[in-house]
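Alright, here's a single protein chain in two forms, structure 1 and structure 2, each given by itself as structure tokens.
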Structure 1
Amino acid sequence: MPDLDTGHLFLTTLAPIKPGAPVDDLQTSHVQLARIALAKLPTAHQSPATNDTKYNSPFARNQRNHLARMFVLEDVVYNGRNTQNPILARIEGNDQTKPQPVDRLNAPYLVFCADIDAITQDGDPLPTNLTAEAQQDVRKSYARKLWDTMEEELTEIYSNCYGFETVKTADQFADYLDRCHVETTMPFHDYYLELPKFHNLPFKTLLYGVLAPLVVGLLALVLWLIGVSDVPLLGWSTLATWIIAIALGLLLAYGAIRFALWNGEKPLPPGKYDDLPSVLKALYVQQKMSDLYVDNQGASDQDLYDAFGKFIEEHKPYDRKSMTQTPGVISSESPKNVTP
């Protein structure tokens, strides 16, 4: 389950959007209504234009998601007809002037992707590994958190989607979002101070392990084809040898592929301060530390010691719940951007 990596869940969900328009607003399609609902969601206080607005993003009402995005996928992309070698096309009788079939989706999809701390209780440490069931618990816990903090916004967006009609509670939304879940294949994240211990793949061992019986099998095949019935020195039947060796090589190749997939799916461990509360606290401390540094240029040892004592008292470096930057703001400069 590569959804989980570095202690985070790479949540990917696709919710099909209903066709047509609702009966009470026949002029506006569900796709357009979903887009309007998304356009009316406040973003983070992230730019000069949004910095002083009254409302921050509803996603800033929790401390689990680092990043989130929603978009409407109206249809899949068509990159033009598949070309073919003209000789092969002529032999196969493929008339390249005839249109090829083009993929079309049954419905537009609302895609929701979030990069979240893989926890079920706020303040929990990030996990190194989780079972499939535990990952589902994380997904559902996050969905419930969203429902508890932004039910109205979610309703406005998702009421344009299939299957949302019966969603009235946090648990129902968690079940609904889980039905929309698709597995992330390849996650990537990097807040590492030191590179993690990777799950190294013994590539050369696997390669030589697969090649050895295949080479033996091919040599035996060549001998058999030129009429040699026994392998020199060993005396084995060349027919049996090439069949068994090539079958063994193919079997090992299959095993090596399965092993590489299994090995790659193993999650990497979280970085030292990889959860969102730690990241926010680190950003806060960085800014306050800059002030301390500037204010104490040339200070005596005792003054520096005392100033740092005050710094600890005021900014509580170990406490990640208070004196920290709130989510979705540019900096801790303004007191309104600090959780006291």
Structure 2
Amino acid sequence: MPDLDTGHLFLTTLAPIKPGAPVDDLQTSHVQLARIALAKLPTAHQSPATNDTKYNSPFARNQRNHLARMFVLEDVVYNGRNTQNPILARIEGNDQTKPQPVDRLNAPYLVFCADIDAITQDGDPLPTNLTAEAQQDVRKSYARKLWDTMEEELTEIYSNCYGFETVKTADQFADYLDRCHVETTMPFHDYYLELPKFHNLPFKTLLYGVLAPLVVGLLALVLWLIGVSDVPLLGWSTLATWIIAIALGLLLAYGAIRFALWNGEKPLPPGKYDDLPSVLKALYVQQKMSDLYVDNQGASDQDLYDAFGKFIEEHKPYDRKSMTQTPGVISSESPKNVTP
């Protein structure tokens, strides 16, 4: 389940964009209209220069988005022909002067990627693992939250895409976005305070487990080829021994490969304080704690004690829901960037 890792869902959706232009605006294609709608989306207040701008990213209207990105993918990049050893190509009759097939998209696509808390209700703890059905529930819950918080922007963007004509409600948008879902293959996470116990592959155990019956089988095969009918000391038939041992080795090799794939797909557990409300609270407390340090340089023990008590009472480090930084801003310095 590559979509899920560390208690987060790494969502990727591709929505095909309509060809041509709408009947009421024949001068502008749907691709261009989608790009215009995306260009009109305000960015988050992610730098000091944007901190005081009037509008914030619509994705900052809920507390599930760690990262969101939308863009138009008009076609895929051609990476050049598949290389092949010229001698092998000559033997196989592969004429390397002939062009190879080039992958093309059948339409431009609106790509939407988001890293979100894998929850269905705000405040839920991050999960360690989820079934495919539960992941779908998370995707749909997130889509409904998006619709509730940015319906106007989503309608302007997705109205240029196939199949969006019938979307009028949050549930319909959730179904639509789920049909556009594609599996993510490379999630990225960087919140760990302490590294988790990784799912290391017991390579030596697997290797020895596979090699042992294969070696026995090969030795039995050699004995059988030189005319020895029974395995020395054991008395087993060399013919039966090498057949069974080789078959067992191949079976174990297949099992080892399946185990390696399964082990690699297991999601890592969520880190401590990994959900977005905790991250926002940590950013807020970090900034206020820095102010506390600066303001109390040279203070007496009693004054420092009193100041810290006032800090705890005012900023409530134990409460993620109040006195915390709002989403989409870089600083808690302004009161408008703080949730009281």
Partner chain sequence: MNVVTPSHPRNTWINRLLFMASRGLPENLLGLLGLSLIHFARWVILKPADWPNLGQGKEELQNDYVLFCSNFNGTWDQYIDAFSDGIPSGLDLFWYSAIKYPKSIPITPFKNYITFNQIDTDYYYNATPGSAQRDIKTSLAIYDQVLKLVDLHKHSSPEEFAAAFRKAAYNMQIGLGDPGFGPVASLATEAADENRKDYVERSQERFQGLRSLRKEQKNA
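Please note that residue numbering is based on structure 1, beginning with 1 at the start of its sequence. Rigid core: the largest C-alpha set superposing within 1.5 Å between the two forms. Since this is a predicted model, take the numbers as computed values, not measurements.
Which one here is the form predicted together with its partner chain? It is structure 1; that copy is the form predicted together with its partner chain.
Threshold 2 Å Cα movement between structure 1 and structure 2 for residue 94, core superposed: Moves: yes, 2 Å or greater.
So, does residue 205 move by 2 Å or more at the CA between structure 1 and structure 2, with the core held fixed? The answer is yes; the displacement is at least 2 Å.
Post core alignment: residue 303 C-alpha displaced by 2 Å or more between structure 1 and structure 2: Yes: residue 303 shifts by at least 2 Å between structure 1 and structure 2.
Per-residue Cα shift, residue 82, between structure 1 and structure 2 [Å; core superposed]: The shift comes out to 4.0 Å.
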